[in-house]
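This document starts with one chain, in the form predicted on its own, laid out as structure tokens.
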């Protein structure tokens, strides 16, 4: 049986492990944290939303980024300190702008398949992740933003996703707690929400039941490729370890670039600002 190591126990690493286990591979998962889903997959938007598949590679993103340089409250902050990594990422980002439409269509097609797989796996493995199948609503306060969203909607439709235009009155009916003035919006009833940390933890437990080995609290220090094998050198607080596998999958988020370079691969990932909010629901606690 072919052995495969996966570095990273976030949503990408755990879903990869689950698929490989289902195909009969022997899987070992490494993560430097104590539990799965403790970094990027710990807290995010919680959306199973193919409706957000529009890629960022467009000229308007560059213009917004320049304007946001002078706004400390901007949703995207750019550090002006130069580096080769940053320059190479920006260059590649700009080079993909001509492929905006094609990439958006392919991304939504992938998102639709991924969304359905996540829902199916949760049902099969009986994972409770606060799943709510109530659709996702996008709202716009002016005609310009709504017109852009209309163009995006047509692109998403070419990829197989349908989202419905809604009026300001529809918006208040769908979500009565919203206030303010709205020009219009789009509602995707096929999208849903859930807790990514709970999902990843539940699927990690399913992987373990299927025979995966989960190694936590070990930092991967070095990867070495041999003709028929890959060696992973790792360490915890007290000891160093050496593991041997037939193949390797790197799912380590922004650390993937450094790790992949050790085995001759180039993954040009650059981190962006993330944010989340925690709200105490006192009415549910009483």
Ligand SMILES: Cc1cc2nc3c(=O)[nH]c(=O)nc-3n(C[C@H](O)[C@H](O)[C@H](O)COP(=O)(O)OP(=O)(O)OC[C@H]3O[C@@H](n4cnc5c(N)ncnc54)[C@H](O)[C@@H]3O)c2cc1C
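In this text, all values refer to a predicted model and were calculated from it rather than measured experimentally. Numbering follows the first chain given and starts at 1.
Although not depicted, the form predicted in complex with the named molecule is the subject of the following passage.
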Q: Indicate whether the named molecule has at least one heavy atom within 4.5 Å of a heavy atom of residue 5 in the predicted bound form.
A: no
Q | Contact label in the predicted bound form: residue 51 to the named molecule, heavy atom within 4.5 Å | A | no
Q.
Does any part of residue 196 reach within 4.5 Å of the named molecule in the predicted bound form? Heavy atoms only, please.
A. yes
Q) Heavy atom to heavy atom, is residue 17 within 4.5 Å of the named molecule in the predicted bound form? A) no
Q | One stretch from 212 to 220, 70 to 78, 150 to 158, 106 to 114 that, in the predicted bound form, holds residues within 4.5 Å of the named molecule by heavy atom | A | 212 to 220
Q: Would you give me the residues of 242 to 269 that have any heavy atom within 4.5 Å of the named molecule in the predicted bound form, in order from first to last?
A: 251, 252, 253, 255, 259
